[in-house]
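One chain is shown next in C-alpha cells, namely the form predicted alone.
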Amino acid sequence: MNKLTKAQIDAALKLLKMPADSKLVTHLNACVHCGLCGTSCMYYTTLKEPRYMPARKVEMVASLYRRYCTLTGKIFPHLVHARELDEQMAEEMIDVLFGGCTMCGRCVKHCSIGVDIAYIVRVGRQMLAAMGLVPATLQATVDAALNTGNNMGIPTEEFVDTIQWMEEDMQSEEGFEKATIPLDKEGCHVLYTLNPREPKFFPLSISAMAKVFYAAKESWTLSSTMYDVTNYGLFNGNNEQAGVIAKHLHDEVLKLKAETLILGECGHGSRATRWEGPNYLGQAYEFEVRTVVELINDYIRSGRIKLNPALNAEKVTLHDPCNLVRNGGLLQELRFAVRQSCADFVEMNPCGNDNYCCGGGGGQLAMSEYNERRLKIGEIKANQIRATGAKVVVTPCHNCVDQLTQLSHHYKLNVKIKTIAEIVADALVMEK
C-alpha cells in the first residue's frame, strides 16, 4: 500500500468527528467487550481468528475515535489503546471490514448491550472509501452501475433482446399465449425492477414474475434502461455514489409515470432503495415503494391469483435474506408466500431473525479476492440446508441465489435454488 497522505487521513477522520450525542459515538462507547457476539458471527465461528470477532471490529473503529477525538487519546494514546490511522491500520481495516464481514446484523441481535455493529462496520468502510481504498473488484461493480445503469454493464440492446426472447419463450407455454413482458410502458400501476443477474444468468426468474403479473391481470412494465434494483453503494461506503444509483430508479418512476415502484427479489437492493434511498436523496419518495414479495402476497390474499401447493410436491426450505428479514421485518411475509405455494415446507435451524447469512452479502460476491473465505464460511449454511433434507431452497434474493448455488455445488448438496416468484409461478392455477 502506498503511504497515506494527510488529505486521505483527514477525509477519513472527518467521519469520526461528529457531535457528542451522535449514534456513532454512542455505539462506539457502548461495547463492554463481553464476547457474546463471537459465536453469532460466521467468520469468527468458522475461521477461529480473534480479529473476526464482531467486538474486535468495533474496537478497530473505536480505537481511531479515541486517538483523534478524545483528549486522553491525543495525549496518552497507549493508555487507552488508541491507534494511529496509518498504512498498517488501513490494510487491517480493508481485510476485516470488507473481507471479513457481510454486515448481516446477526451479531447485533446477540449483543447484550445492543451495539449496532453492522453500522460501525459500515462507518469503517466509509472511512476507507473516503481514502479511496475500496477493494477494486467491489468498486468496479459500483462504477458499472454509475456508468451504465446496471451493475453488470449489460448494454440496452442486449437486455431488450433477452426480454423479447423470454417473452416469446413464455408465450409458447400453455395458458400464457397472451402474456407479455412490457418495456417502457407509461402510466402503469407497477414499475418492476430486476437484479441484473436475472437477464444475465437467471432469465427464468423474469418470465416467472411475468406469469404472476399476467395471472393477476396487473398493469406493469419494466424499464429498458433503469431496471437495476441493486445498489452496491450500500456496501462500498460511498453515500454519494449510492445516491446517484438511487436516483436512477427514482427518476425512472417519474419518467414512466408509474404509481408504485416494486423492488425485485434482492435483499440489499430492497433495503438500499426502500429504507436508505430517501436518506441518500434527501427527500421522501413521491410514490409507493414495496417489495415484490408483499405484492405477490396481496395477489394471493385477494384472490387475484390462485395457487395449488400440490404442484410443488418436493420438500422445500427457506433461506431468510438478512436485509429482508432480520433487517427488513418481512419474516412472516416470506413464509406466507412459501406455505401457500408448497405442499411440504420445513424450516432451517436456526431460522427467521436468527438465521445465518448465506455468506454472499455485504458485497462479498463482488470481491473475488475473498472467494475462498466466502465459500468457507458458507459451510454453516450448507450444513443447515443438508439437515433439512429439502430438495428445493427458496430465497427472495438473487445474491443469495448465486451464493447458495455455489454452495450447493461446492458442498455437493444437490438442491435446486428458486426465488419466490419462481415457486409461486410453478403453483399457478390458470383460469380456462
Partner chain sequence: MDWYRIVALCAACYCVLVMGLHFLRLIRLGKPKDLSRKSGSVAKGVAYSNTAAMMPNQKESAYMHLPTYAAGIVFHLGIFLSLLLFILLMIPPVEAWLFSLEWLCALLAACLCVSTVCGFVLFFKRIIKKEMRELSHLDDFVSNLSTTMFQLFTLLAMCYLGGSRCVSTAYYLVCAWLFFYLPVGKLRHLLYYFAARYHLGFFYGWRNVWPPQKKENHE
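Residue numbers count along the first chain shown, from 1. This structure is a prediction, so every number in the text was calculated from the model and none was measured.
There is also a form predicted in complex with the partner chain; it is not shown, and the following applies to it.
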Interface stretch in the predicted complex with the partner chain - options 209 to 217, 238 to 246, 121 to 129, 286 to 294, non-hydrogen atom within 4.5 Å:
286 to 294
So in the predicted complex, are Gly361, Arg386 and Leu413 all sitting within 4.5 Å of the partner chain, heavy atoms only?
no
Quick one: from Gly329, Gly303, Pro155, Gly187, grab the residue that has a heavy atom within 4.5 Å of the partner chain in the predicted complex.
Gly329
Of these, Asn308, Thr148, Asn353, Gln171, which has a heavy atom no more than 4.5 Å from the partner chain in the predicted complex?
Asn353
Using a 4.5 angstroms cut-off on non-hydrogen atoms, would Ala179 count as touching the partner chain in the predicted complex?
no
Looking in the predicted complex, any heavy atom of Asn279 within 4.5 Å of the partner chain?
yes
Would you check, heavy atoms only and a 4.5 Å threshold, whether Gln139 touches the partner chain in the predicted complex?
no
Does at least one non-hydrogen atom of Gln88 fall within 4.5 angstroms of the partner chain in the predicted complex?
no
Restricting to 262 to 276, the residues within 4.5 Å of the partner chain in the predicted complex through any heavy atom are Arg271, Arg274, Trp275, Glu276
